[in-house]
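In the form predicted alone, a lone chain appears below as structure tokens.
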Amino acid sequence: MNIVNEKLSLISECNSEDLRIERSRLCCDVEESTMEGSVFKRTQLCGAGFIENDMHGIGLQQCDLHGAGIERCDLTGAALVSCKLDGMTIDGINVQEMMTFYKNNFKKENTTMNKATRKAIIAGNWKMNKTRPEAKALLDELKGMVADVKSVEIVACVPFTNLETALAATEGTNIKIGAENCHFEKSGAFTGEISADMLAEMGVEYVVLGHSERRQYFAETDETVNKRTKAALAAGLKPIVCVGELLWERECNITEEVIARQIKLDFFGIEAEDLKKCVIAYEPVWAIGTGKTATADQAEEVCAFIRATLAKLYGAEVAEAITIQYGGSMNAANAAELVSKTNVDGGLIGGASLKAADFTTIIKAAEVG
């Protein structure tokens, strides 16, 4: 149905799918309507009231919205393009004032500045690779290549058998050493386990916790990750806590629910001051060791969601201070694009950390940010 320059007093209980209204003046109330997919172009909606509407996907382009009010509406996907917003309110908030606040407080140069205040950390997760002689050779090669790096924290998380060798090889350098796991008890009948105190006593600084491989193969749960994180903090270690969704969970469109649950459970009972000592590594499980990588935009989206979740739990100031890494087949070829994103503060690197040249390329990319 096409209506052009017609005077209509009432449209009531109509199925207006495919309706197009052009060059009209709608000084009226639109109540409890579904406007999904509607597009208003060059329309005067001055003083219009939208109350309890589903406006999903609505597009308002070059419209006069002076004094319009949008109350209790679902605006998911709505787009306001080149519209006059003088006096317009959404749920009682003046839109013009809201946008001014956003531009002043969240413009790109400001978020980039905030990113610069966080510590960029590139950590290599060697997994079950390298004998002691191989570990020494790799670290000896690496430390010469990154000796001039100052703005990025460099960490090598090595197997337990390599820790002493790695600590000796990197003494006096800018490379920190981390472990790949720890137990949540100080001591006891836990055959094959290593406590956080044992690691701290050696001089280890970081420890990877909750990696998807630990969750998948060794029955790690969010509860045990939480316990290990608390134990690591109590021992003075810096936990790198991994979170991430399965491919099936991403395909079911529940990535945010999965990540939020992991964040809330893994850091349950951890105070803000201790949280600041932690690093969070977003590792989509479907991209670990598969050669698949989340796009830079996908990585940014989830890392930003992690920060927003932390802000709800701990406040914006704390959330802004937390280093959030991306892990999941980050390599020398894609690192620069990934770490350029506002909320990606570094990487937890698997296979590429086993090659000094590739690992150095990633570190140099993080320097540029």
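This one's a predicted model, so the numbers in the text were calculated from it and none came from an experiment. Position 1 is the first residue in the sequence shown; the rest follow in order.
Just so you know, the form predicted in complex with phosphoenolpyruvate (PEP) exists too; it's not on screen, but the next bit is about it.
**Q** Exactly one residue in 203, 87, 144, 289 has a non-hydrogen atom within 4.5 Å of phosphoenolpyruvate (PEP) in the predicted complex; which is it?
**A** Going through each option in turn, the one that passes is 289.
**Q** Considering phosphoenolpyruvate (PEP) in the predicted complex, which of 329, 309, 44, 323 comes within 4.5 Å of it through any heavy atom?
**A** So the residue touching phosphoenolpyruvate (PEP) in the predicted complex, by this definition, is 329.
**Q** So which stretch, 280-288, 129-137, 181-189, 146-154, is the one near phosphoenolpyruvate (PEP) in the predicted complex (non-hydrogen atoms, 4.5 Å)?
**A** Going by heavy atoms within 4.5 Å, the stretch is 280-288.
**Q** Counting only non-hydrogen atoms and a 4.5 angstroms cut-off, does residue 125 reach phosphoenolpyruvate (PEP) in the predicted complex?
**A** Residue 125: contacts phosphoenolpyruvate (PEP) in the predicted complex.
**Q** Taking heavy atoms only, is residue 228 within 4.5 angstroms of phosphoenolpyruvate (PEP) in the predicted complex?
**A** So residue 228 does not count as contacting phosphoenolpyruvate (PEP).
**Q** Suppose contact means any heavy atom within 4.5 Å; which members of 344-367 contact phosphoenolpyruvate (PEP) in the predicted complex?
**A** Contacts from 344-367: 348, 349, 350, 351.
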